[in-house]
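A single chain comes next, written as structure tokens; it is the form predicted alone.
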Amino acid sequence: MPPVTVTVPASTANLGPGYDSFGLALGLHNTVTAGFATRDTWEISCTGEGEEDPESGADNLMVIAMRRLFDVIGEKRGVAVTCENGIPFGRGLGSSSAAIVGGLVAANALTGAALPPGELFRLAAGLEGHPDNVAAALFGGFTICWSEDGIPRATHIDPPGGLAAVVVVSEQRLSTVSARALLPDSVPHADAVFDAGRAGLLAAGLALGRADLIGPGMSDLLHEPYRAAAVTDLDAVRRVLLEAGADGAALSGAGPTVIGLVSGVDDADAFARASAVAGRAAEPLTRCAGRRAPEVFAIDRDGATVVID
């Protein structure tokens, strides 16, 4: 079997009220190339974002995911893997999910696509511990996740209207474990009611291409107020994005990245609008120490993809 190459997108999760449920794939990618090794050993090399990280070695999540799939299907051979990482580590853009999904899809392709997408999703959710980012990375577009009888499930929605994202990355990392530790064991009933309504608005806005629903639909009381203790400039960055013209803005995943969504008549129009938003936001964001300049990404409608030469 010749080597295979897979591209896997970044993802933003929660999107405000969709805690552990909503995901959206972004046009920022990691590229994984894998082939069977001449010996039963594992070799990995990484370039780009996080290449200096210890986890870019043999204990990389991508390798763990590949080994997991090999265990399922009974494959014993070693693999040589190279990856070009475009997704920043630990910033709330689904870097761990991209590694897991990239590893599973590459291993599956390398062994003849033995497992269907649904099984890949369940394996990925089990390795990640929550399904929202892995669903978006695997299937692309907008995804909604839930659990039934302890089994993670997901549905994929391809937004009919144009959509793009303005992403404001922090130079600081925030682990998902640390961010989750900030959340209380229970929340007021009124806050849960608030989020139920806003999640419905956001899902409807994205599924129907209704820009007027996206802004109010990205408001949250379940996790963002608590995580603001670790992302102290959250409200300031959000305000800049909204004043610059974003339809809505929220913490991306566990943070500290903040994302603004911008709609349009089609993806090209949305990207142009988002670029204008980023231009207007650039100067005010320089007053938020430790933030990168705003970047604009299209949504990724395809998810993890095996590259065919």
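A quick note: this is a predicted structure, and the numbers were derived from the prediction, not measured. Numbers for residues come from their place in the sequence shown, where the first is 1.
Form predicted in complex with a small molecule: not shown, discussed below.
Quiz item: Does the 4.5 Å heavy atom contact test between A10 and the small molecule in the model of the complex come out positive?
Solution: The answer is no: A10 has no heavy atom within 4.5 Å of the small molecule.
Hey, in the model of the complex, is T176 touching the small molecule, heavy atoms inside 4.5 Å?
Heavy-atom contact with the small molecule at 4.5 Å: present for T176.
Verify the contact flag for R238: yes if a non-hydrogen atom of it lies within 4.5 Å of a non-hydrogen atom of the small molecule in the model of the complex, no if not. Because no heavy atom of R238 falls inside 4.5 Å of the small molecule in the model of the complex, the answer is no.
V63, heavy atom within 4.5 angstroms of the small molecule in the model of the complex
V63: no, not in contact with the small molecule in the model of the complex.
task = Just one of 25-33, 40-48, 247-255, 272-280 has residues with a heavy atom within 4.5 Å of the small molecule in the model of the complex, so point it out.
result = It is the stretch 247-255.
Among the candidates R180, R77, R153, H156, the residue which, in the model of the complex, approaches the small molecule to within 4.5 Å (heavy atoms): Looking at R180, R77, R153, H156 one by one, just R180 meets the 4.5 Å heavy-atom criterion.
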